[in-house]
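For reference, the chain that follows is the form predicted alone, supplied as structure tokens.
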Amino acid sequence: MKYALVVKNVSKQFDDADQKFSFKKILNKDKFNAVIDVSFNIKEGEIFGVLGPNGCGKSTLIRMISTLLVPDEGSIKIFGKEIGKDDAVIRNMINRVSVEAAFFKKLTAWENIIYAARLYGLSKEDTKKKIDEILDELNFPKNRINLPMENLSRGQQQKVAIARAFLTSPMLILLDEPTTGLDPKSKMDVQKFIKKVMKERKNVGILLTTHDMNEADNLCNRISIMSDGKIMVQGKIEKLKKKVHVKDVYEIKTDKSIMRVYNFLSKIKTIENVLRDGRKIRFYTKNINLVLADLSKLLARNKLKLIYLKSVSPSLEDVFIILTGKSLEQDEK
């Protein structure tokens, strides 16, 4: 079995001396541990997800894998080539899509793409044929390809970044929060394209970092969950859901004023981790019967119609909460 990527016992620290005030300074510490003893591998033909909130170490990990940072400890190998020894070869094997993709903003989308293509030795003709196919798959409007990047929407710019990365047919693709800030339709376009690429190219690997649990559930073969620079757990999604034995998860939906229900549930001591998703709310309680009477009174008092209240299967968000003791929303505040 070939591995697209092997990360073994990798750690990375940063100086914290430039911070004016921090608890680390109070404790006489001048180092911040961004990544701590991280290990995982990605097989050929696999999408591997690294999940966690902003600031957990995902982007630092991506920068080390893309040769932009040097690990303090451990090793990283890409198709057998080791970072720190074979960087020139590795850079021709990988490409990266970042949450904040870098462009020449005054140049058009096409000019940015052709510039990147020339760096990889691609001809203008080959680039035109490939990029047309990729942008079609991403549902990028053809009449905007010759507009300056600064005149494109956030979603259109990100689609150009994705097209630019896949244009070079990399063997390892690093997707660092590729759909953050995109509208639901654009997210679906990007995810559909990624699935198509993996179906057609069996010898590549994709590393996806995200704090979007639904995206990970949709795309990844295996995942790891990071918190505070460490990997808490990793494996196949369904096995992780079973492993943490998440029970007593409920979902409620009303016809209106869902925030009143959210605020009410958040104040009940027997309920934990109340999460709102549009007009739905998920929560945990070991005894739903202790909640029903007061919930019924709230609904009647506010003339709310209960659409449903049901027990639901655990999600990746539930797995994260059980492992870390907090939701992604809480961790990002």
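Owing to the predicted nature of the structure, the values given are computational and were not obtained by experimental measurement. The numbering used is simple: start at 1 and walk along the sequence shown.
Although it is not shown, the form predicted in complex with a small molecule is what the next lines describe.
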Ok, Thr285, Ser59, Asn41, Thr67: which has a heavy atom sitting within 4.5 Å of the small molecule in the predicted bound form?
-> Ser59
Hey, in the predicted bound form, does Ala34 get a heavy atom within 4.5 angstroms of the small molecule?
-> yes
State yes or no: in the predicted bound form, is some non-hydrogen atom of Gly55 no more than 4.5 angstroms from a non-hydrogen atom of the small molecule?
-> yes
Touches the small molecule in the predicted bound form: His211 (any heavy atom, 4.5 Å) | yes
Report yes if any heavy atom of Glu137 sits within 4.5 Å of a heavy atom of the small molecule in the predicted bound form; otherwise report no.
-> no
Region of this chain that lies against the small molecule in the predicted bound form, out of 303-311, 262-270, 286-294, 59-67 [heavy atom, 4.5 Å] = 59-67
